[in-house]
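Only one chain is shown below, in structure tokens, and it's the form predicted on its own.
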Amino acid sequence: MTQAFELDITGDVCPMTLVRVRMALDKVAPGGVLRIKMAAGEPVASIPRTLRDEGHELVSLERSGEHFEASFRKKP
């Protein structure tokens, strides 16, 4: 079973949201999962789009109260 890494960027604003996501992805093995908790608005629009453009798979994106939680599988 692959370990999932978790990242909370609810207190960050662009461009730090993407910087922190990329730093976290560096710690995830290819095929591993990164779970990201993010604020509504700009991060929900830009983080999934950017990671998909880079070849990572969006596994899930769900609202959780005031925030969103997304899971991405790192490209092999």
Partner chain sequence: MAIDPRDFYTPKVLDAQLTGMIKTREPNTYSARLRIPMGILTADALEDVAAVARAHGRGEVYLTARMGIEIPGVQTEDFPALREDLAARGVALAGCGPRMRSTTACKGTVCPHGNLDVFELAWRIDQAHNDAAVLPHKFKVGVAGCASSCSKPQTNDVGFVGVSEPELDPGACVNCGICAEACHLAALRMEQGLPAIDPDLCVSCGDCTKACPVQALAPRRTGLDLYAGGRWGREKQVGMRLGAFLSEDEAVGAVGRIKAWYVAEGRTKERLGQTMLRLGPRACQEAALEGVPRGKWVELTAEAEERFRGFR
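Please read these numbers as outputs of a predicted model, since none were measured by experiment. Numbering follows the first chain given and starts at 1.
Absent from the display: the form predicted together with its partner chain. The rest refers to it.
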**Message:** Val13 versus its partner chain, in the predicted bound form: is there a non-hydrogen atom within 4.5 Å?
**Reply:** no
**Request:** Would you check, heavy atoms only and a 4.5 Å threshold, whether Gly41 touches its partner chain in the predicted bound form?
**Result:** yes
**Request:** Using the partner position in the predicted bound form, report whether Arg52 sits within 4.5 Å of its partner chain, counting heavy atoms only.
**Result:** yes
**Request:** Examine Leu61 and determine whether its closest non-hydrogen atom to its partner chain in the predicted bound form is within 4.5 angstroms.
**Result:** yes
**Asked** Within 4.5 Å of its partner chain in the predicted bound form, do we find a heavy atom from each of Ala45, Pro48 and Phe68?
**Response** yes
**Request:** Quick one: name the residues from 19-37 with any non-hydrogen atom within 4.5 angstroms of its partner chain in the predicted bound form.
**Result:** none
